[in-house]
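For reference, the chain that follows is the form predicted on its own, supplied as structure tokens.
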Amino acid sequence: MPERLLEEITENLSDDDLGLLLLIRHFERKLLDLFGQGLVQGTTHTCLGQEYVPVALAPLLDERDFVFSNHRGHGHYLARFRDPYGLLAEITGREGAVCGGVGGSQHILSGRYLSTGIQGESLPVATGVALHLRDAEPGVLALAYVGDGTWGEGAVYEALNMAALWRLPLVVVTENNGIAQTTPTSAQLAGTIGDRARAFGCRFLHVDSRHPHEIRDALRPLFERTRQGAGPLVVEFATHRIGPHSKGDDTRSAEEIRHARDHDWYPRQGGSPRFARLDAEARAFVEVVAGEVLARPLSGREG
């Protein structure tokens, strides 16, 4: 994408939206750096390139809504809570961790937020929660983030069937980055996600935009209808993963990686003076967070 268009995306954002985008970007970059230093155990999956999705959705969600995330969920958590200290402490097993350091990168529970690394697991749970919300808390919804690869799980279709039959307040957000771990979506998904969703009678919207304001304008009335009893909504974001699946396991060709980076929202040439200032502030803040968290003792599982 031309630099001019990339700058239009960032310059049309409020300081708050842009600051949150940059917080997630530099948090993820720092996480990979810490992993390289041996300071993060196990595995981790970054959302580099996809940060705008949860940032765009954040204002559409009420604090009473349930959010179900997945293995690539750091951006989902940060957009929901803006708590980099607790998240990094959880990932590195330090005091002050969200779940006492036992959940790590993928499995986090905080209030009405839950993430899991098991593909397709969250959607049946979200459907059950949506059933409760329909009857006990009208106007509240459950939102589940999934990837394009998750549409290969049978549990997805069982959940959609029940959600559509019972007109549940469920939103399924699909971040389609074109590759399921190391398998191109074109090699593992027949037909389209939209056709699959519509087969159950679910409302569907395909989103190409990376402008948070455009995304919100398109989704706000659809979210409201979901809250009012119109039944489940499936939203597919055509997005790009600019990093590897987890750390160094990127099997894409150089051309495919270049294509993804060309469509990144983050300006390659530094952006405007305003962008440069907010970018430097976010980078510095993440360094402060990392320094403070890593200086803490290991978690005593107090969470």
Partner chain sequence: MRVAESLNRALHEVLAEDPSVRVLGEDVLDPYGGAFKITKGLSSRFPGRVLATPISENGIVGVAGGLALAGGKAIVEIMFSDFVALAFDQIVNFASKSVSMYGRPLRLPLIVRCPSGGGRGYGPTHSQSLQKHFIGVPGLAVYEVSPFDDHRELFGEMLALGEPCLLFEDKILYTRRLFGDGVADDLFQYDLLPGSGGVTRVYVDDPGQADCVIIAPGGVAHRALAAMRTLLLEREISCLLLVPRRLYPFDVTPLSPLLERAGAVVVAEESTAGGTWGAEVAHQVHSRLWGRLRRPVSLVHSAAGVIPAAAHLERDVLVQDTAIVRAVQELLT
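Note that the structure is a prediction, hence the values are computed from the model and not measured. Residue numbers count along the first chain shown, from 1.
What comes next is about the form predicted in complex with the partner chain, which is not displayed.
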- [ ] Establish, in the model of the complex, whether Asn176, His213 and Ile215 all lie within 4.5 Å of the partner chain, using non-hydrogen atoms for the distance.
- [x] no
Open item on the list: I need the one stretch from 220 to 228, 188 to 196, 73 to 81, 101 to 109 whose residues put non-hydrogen atoms within 4.5 angstroms of the partner chain in the model of the complex.
Closed with: 101 to 109
Task: Contacting member of Gly86, Gly152, Pro124, Gly93, with respect to the partner chain in the model of the complex [4.5 Å, heavy atom] - done: Pro124
TODO: Sort through Leu114, Val140, Ala180, Val207 and report the residue having a heavy atom within 4.5 Å of the partner chain in the model of the complex.
DONE: Leu114
Task: Contact flag, Gly201 vs the partner chain in the model of the complex, heavy atom cut 4.5 Å - done: no
- [ ] Would you please decide whether Ala164 lies within 4.5 angstroms of the partner chain in the model of the complex, comparing each non-hydrogen atom pair?
- [x] no
Task: 4.5 Å heavy atom contact, Gly128 and the partner chain in the model of the complex - done: yes
Open item on the list: Taking any heavy atom pair closer than or equal to 4.5 Å as contact, tell me whether Phe237 reaches the partner chain in the model of the complex.
Closed with: no
TODO: Determine the residues of 35 to 69 with a heavy atom within 4.5 Å of the partner chain in the model of the complex and present them in sequence order; the list may be empty.
DONE: Phe66, Phe68
